[in-house]
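Coming up is one lone chain in structure tokens, specifically the form predicted alone.
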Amino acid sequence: MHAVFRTVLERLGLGLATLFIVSIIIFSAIEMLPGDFGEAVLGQAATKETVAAFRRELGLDEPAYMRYAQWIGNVVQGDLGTSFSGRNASGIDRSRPVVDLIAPRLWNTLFLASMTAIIAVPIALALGITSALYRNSIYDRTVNTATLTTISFPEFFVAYILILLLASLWPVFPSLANVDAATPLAERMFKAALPAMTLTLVIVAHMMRMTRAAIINLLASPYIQMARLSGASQTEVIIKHALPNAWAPIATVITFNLAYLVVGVVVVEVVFVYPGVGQLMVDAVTSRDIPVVQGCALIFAMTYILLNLTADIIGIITNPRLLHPK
């Protein structure tokens, strides 16, 4: 078996094992959340017998290991369970499958992440390459200062600053990104502008600095010096010699930041009331909707692990020592 193919299979197996461990952590963490769904629905005036009967109806009276086995077995079959949110004390059950709740929200989150990536990746690559070319210049120091500033601020602070500047003092964009399935594409992009700008400012700094470091490291290599001595221009040195060897670390950094875009949007979605998976998860935690919390957390974990595996595989494929083993 080829070394690259074998390594990819090993990474996939490791990813599945990691996902299994993460599922245990998710289930255990949710078990330790304070409060109880039965008491939250029935109220403090409910008797212990009523709460116990309600918990028995939901299956919450079974041991934790049995509920985990049932949950993970259903997940393997594509069933994330049924939401508790449609149940009430009168016995009426209007609950919906968790998949039906997550699917439209996941589309909104992926749309926001894609919109941010389309803006952020080219900007980060351009800033990283030009900063490496003009190292220690005023331009380089200005870009580094700006990126360090954005890195030091948490997402919610950047979001509130943008709301203050672009939605309050100068009302250019709406402060609430309330979109739905019927929202046209242009209007959806307009309403998601501030969340996308917030995420862009956060991730551009990471990608730019890693790109700059990768290019600077390669520019000090002997083969780059030889290319310069042979009369190659600065543009040829970067495009023909440096970039082909820098794609592996750059692609890895980009993929890691894309994983953050999908998984780390919870705070941004809450600030802008954007109807994504992060907002759904926060609402589910507030209402003690255990199946929805578990489903959202598992979707986040699967996305992060999948994108990290993608970054790892890209690094393997772009490494000549693995592509041409002895």
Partner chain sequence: MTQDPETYSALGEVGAFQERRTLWTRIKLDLKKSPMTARFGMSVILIYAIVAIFAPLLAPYGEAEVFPVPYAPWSSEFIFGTDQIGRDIFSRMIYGARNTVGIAVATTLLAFLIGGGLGLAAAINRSWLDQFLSRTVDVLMAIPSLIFALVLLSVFGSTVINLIIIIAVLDSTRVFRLTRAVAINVVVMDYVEAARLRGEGIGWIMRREILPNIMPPLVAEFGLRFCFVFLAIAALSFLGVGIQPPTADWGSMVRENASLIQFAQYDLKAGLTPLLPASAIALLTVAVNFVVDWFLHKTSGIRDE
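Residue numbers count along the first chain shown, from 1. Just so we're on the same page, rigid core means the largest C-alpha set that superposes within 1.5 Å between forms. Please read all numbers here as calculations on a predicted model, not as lab measurements.
Keep in mind that the form predicted in complex with the partner chain is not shown, yet the notes after this line are about it.
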Any idea which of 114-122, 169-177, 68-76, 98-106 reaches within 4.5 Å of the partner chain in the model of the complex, heavy atoms considered?
169-177
Can you tell me whether L33 touches the partner chain? I mean in the model of the complex, with a 4.5 angstroms heavy atom cut-off.
yes
Contact label in the model of the complex: L148 to the partner chain, heavy atom within 4.5 Å:
yes
If we define contact as a non-hydrogen atom of the residue within 4.5 angstroms of the partner, is T142 a contact of the partner chain in the model of the complex?
no
Decide whether A297 counts as a contact residue for the partner chain in the model of the complex under a heavy atom distance cut-off of 4.5 Å.
yes
Does the trio R209, V263 and V293 actually contact the partner chain in the model of the complex, every residue with a heavy atom within 4.5 Å?
yes
So which of V253, A192, A214, I163 reaches within 4.5 angstroms of the partner chain in the model of the complex, heavy atom to heavy atom?
I163
Contacts with the partner chain in the model of the complex, stretch 266-299 (heavy atom within 4.5 Å)
V266, V267, V270, V271, M281, V282, V285, T286, R288, I290, V293, A297
Once everything's superposed on the core, is R141 shifted 2 Å or more at the Cα between the shown form and the other one?
no
My question is whether W71 is one of the residues whose C-alpha shifts by 2 Å or more between the shown form and the other one, given a fit on the rigid core.
yes
How about V271 - superposed on the rigid core, does its CA move between the shown form and the other one by 2 Å or more?
no
